[in-house]
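Only one chain is given next, in structure tokens, and it is the form predicted on its own.
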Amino acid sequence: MMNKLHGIVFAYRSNPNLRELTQPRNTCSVPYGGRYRVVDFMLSNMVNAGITDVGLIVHTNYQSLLDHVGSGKDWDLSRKHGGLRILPPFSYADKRESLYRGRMDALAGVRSYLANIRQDHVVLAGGDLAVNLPLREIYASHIKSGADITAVCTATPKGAPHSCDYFTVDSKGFASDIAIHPETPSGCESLEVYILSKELLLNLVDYCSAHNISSFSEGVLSRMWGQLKIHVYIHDGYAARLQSVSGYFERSMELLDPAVRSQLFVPERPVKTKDQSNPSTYYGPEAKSTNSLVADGCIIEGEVENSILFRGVKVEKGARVSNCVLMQGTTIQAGAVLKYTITDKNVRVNAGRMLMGHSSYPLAIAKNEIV
């Protein structure tokens, strides 16, 4: 069991670059992959590694997240002692109106929770990353390395450089340089998943709080990397950072590739989500569906191509959908044509309408809209 490791998920951020997709929710509860929310991946990573206690740091706009995770039962995190804990900014009274400026701010806001963690080590991770990590193996490599901090990175950068950190790695697997939000990527891109001891974490929180440092990247990695031994674990599987509408669309379309799906959905490390017992999808006599991911409970009577359909989507007779992401409860009425479009939940596209985006600039329709 991994009962020496405690999970902390940063779930307070609402990325403005995701525009319509983060109006009703924060980034980690954005739907992804047909039946998941982005936060499902990190929660599942932790549970699959045997972690029994997870704190979810939230700030505002988290109703959608609460509706989804509930008590944590679907991830086996509903427990009398420990389990899943939602952490609003309860000890942040003097700054309650302002959002957390960065991860160290968020950790300072929940310091009393951190002080009571039962485990020796903590894994810090963002809730806006779709990845399937062998956390048990990463923890073992952290202990073996004797490092102060282990940073999980990818050798195939996909994030926007101005929003990412990059590590240069020496021959022994330690960081020899760190670039914070550079113009161009260099080295291994950080997935912003870090393992460190509880004791070191509390010391860093207190230091940053006393010196008005809000950012983990700038306050800890950049300022202290000469004093701290930072070990780099290279994850060679698929990782999706959702940082913009076009990025969300690209990462979604990549799921149509079976090789990508096999890296993200690993049988021995299943991705769990909120259980919804939907009926099977119905395909009408004239329906066509090619190279698409279609969730349960859909009704398809038109044509669907290269698309991702969430639960309960209706594509009526004569409607054509290609290269689209249609979220739960979307209805495409008869004869409508959609290309390169993302519809949020419960959108209705009226009969005969034509909506066309572009692969590099998809259309995004906000939740509950009627077009």
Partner chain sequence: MKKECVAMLLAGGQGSRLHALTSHVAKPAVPFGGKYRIIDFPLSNCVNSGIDTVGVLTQYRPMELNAYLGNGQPWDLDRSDGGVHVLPPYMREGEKGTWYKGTANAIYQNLDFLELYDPEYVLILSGDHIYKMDYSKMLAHHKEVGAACTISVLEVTLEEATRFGIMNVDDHDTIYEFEEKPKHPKSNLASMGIYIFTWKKLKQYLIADEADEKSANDFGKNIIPAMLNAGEKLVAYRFKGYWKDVGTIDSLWDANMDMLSPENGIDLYDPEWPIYARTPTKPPLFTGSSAKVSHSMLTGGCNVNGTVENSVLFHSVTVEEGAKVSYSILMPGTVVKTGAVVEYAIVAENTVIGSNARVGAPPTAENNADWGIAVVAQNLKVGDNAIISPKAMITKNVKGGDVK
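Residue numbers count along the first chain shown, from 1. What you are looking at is a predicted structure, and each value in this text was computed from that prediction instead of being measured.
The same protein has a further form, the form predicted in complex with its partner chain, not shown here; the description that follows concerns it.
Contact here is defined as any heavy atom lying within 4.5 Å of its partner chain in the predicted complex, and by that definition not a single one of 39, 42 and 48 is a contact residue. Using a 4.5 angstroms limit between non-hydrogen atoms, residue 339 is distant from its partner chain in the predicted complex. At least one heavy atom of residue 295 is located within 4.5 Å of its partner chain in the predicted complex.
Although the partner is absent here, residue 224 is not a contact residue: none of its heavy atoms lies within 4.5 angstroms of its partner chain in the predicted complex. With a 4.5 Å cutoff on heavy atoms, residue 271 counts as touching its partner chain in the predicted complex. Comparing 81 to 89, 196 to 204, 146 to 154, 277 to 285 against its partner chain in the predicted complex, the single stretch with non-hydrogen atoms within 4.5 angstroms of it is 277 to 285. The partner is absent here, but in the predicted complex a heavy atom of 291, alone among 112, 163, 291, 168, sits within 4.5 Å of its partner chain.
A heavy atom within 4.5 Å of its partner chain in the predicted complex is found for one listed residue only; from 118, 261, 101, 229, this is 261. Shown without its partner, the chain has no residue in segment 317 to 352 with a non-hydrogen atom within 4.5 angstroms of its partner chain in the predicted complex.
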